[in-house]
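Here you get one chain, nothing else, as structure tokens; it is the form predicted alone.
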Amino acid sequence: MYVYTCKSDYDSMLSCIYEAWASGKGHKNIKLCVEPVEQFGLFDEYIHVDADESKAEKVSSAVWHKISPQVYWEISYALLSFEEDALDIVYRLLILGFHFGPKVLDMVQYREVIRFREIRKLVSREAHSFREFLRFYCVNDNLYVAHFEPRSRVLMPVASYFTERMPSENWMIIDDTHREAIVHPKDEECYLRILTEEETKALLATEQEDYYSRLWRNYFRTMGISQRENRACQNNHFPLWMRKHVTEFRETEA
């Protein structure tokens, strides 16, 4: 088995798809995965692929024009997933897509399509959850900062939600897991910033208590009805791993 590996950024993954497809080694003899590789196969040959903007663009253009724009957006979303097999499943979907066309997304008789839809749904649910539960802290009276630690790389879809709702505010959303941040200057376009380890540590200090966070925590605790508390239901809709930076679940005293 030939295993093509790459970093987890978008251009690297599309470049990996390009190289695997162009290798001529046969789709059945190829597997794609994102680094770091957790377990190496004894008889597998591992081939690292670096990001190449031109190759990534060729894959994007081919999917958009030869399959459909919808499939392009769907695979773009699925590639945000933390699931170990996400990249390989996207590759398998494209094999079917270039053969069958736009209808590939509905061809649930193929296990690759079923798995693709599962991955796509997991990413969508995670992004939706963080849109609901992201909490901002006010820094220096004119900047709002929010931290979160997603499993998938959902920073962009989460930030796009707040771009439409807070266009005239200075804010920043920080993905502590992947060391990335979306910075939104007041009444301007937002941009992505890749953070260094030092910057990530420094930005942790922005998660400070303010008047509104204390007010919200008091409201949350006061309005709760202990007799109706259902921890199992709560955990199902809002898993514990998502709560680290959520104001009402922090252990800081109000």
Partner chain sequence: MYTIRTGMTTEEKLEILADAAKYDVACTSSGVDRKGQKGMLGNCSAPGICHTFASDGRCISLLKILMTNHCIYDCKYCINRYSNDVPRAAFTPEEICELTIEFYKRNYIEGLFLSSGIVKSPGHTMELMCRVLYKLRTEYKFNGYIHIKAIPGVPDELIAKAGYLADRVSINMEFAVEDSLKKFAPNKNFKTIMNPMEKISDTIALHRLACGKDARMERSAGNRYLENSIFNVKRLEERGFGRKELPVSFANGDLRRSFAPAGQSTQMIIGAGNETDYELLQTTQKLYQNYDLKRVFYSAYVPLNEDSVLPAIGTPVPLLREHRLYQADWLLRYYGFQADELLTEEKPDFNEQLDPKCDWALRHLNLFPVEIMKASFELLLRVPGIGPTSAKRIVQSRRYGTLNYEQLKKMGVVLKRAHYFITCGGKMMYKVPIEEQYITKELTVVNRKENWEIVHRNQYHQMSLFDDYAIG
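Take the two forms, superpose them, and find the largest set of C-alpha atoms that agree within 1.5 Å; that set is the rigid core. Only a predicted model underlies this, so the values are computations on that prediction, with no experimental measurement involved. Numbering follows the first chain given and starts at 1.
The same protein also exists as the form predicted in complex with its partner chain; that form is not shown, yet it is the one meant from here on.
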4.5 Å heavy atom contact, R228 to its partner chain in the predicted bound form: yes
According to a 4.5 angstroms non-hydrogen atom cut-off, is H237 in contact with its partner chain in the predicted bound form? yes
Are any of the heavy atoms in S213 no more than 4.5 Å from a heavy atom of its partner chain in the predicted bound form? yes
4.5 angstroms heavy atom contact with its partner chain in the predicted bound form for D176: no
Looking at K201, H48, R221, K66 here, can you tell me which has any non-hydrogen atom within 4.5 angstroms of its partner chain in the predicted bound form? R221
Among 190-198, 23-31, 204-212, 57-65, which stretch has residues with heavy atoms no more than 4.5 Å from its partner chain in the predicted bound form? 204-212
Counting only heavy atoms and a 4.5 Å cut-off, does its partner chain in the predicted bound form sit next to every one of F133, C138 and Y144? yes
Could you run down 164-195 and flag each residue that has a heavy atom within 4.5 Å of its partner chain in the predicted bound form? E164, R165, M166, P167, S168, E169, D187
Large Cα move at L42 between the shown form and the other one, threshold 2 Å, rigid core: no
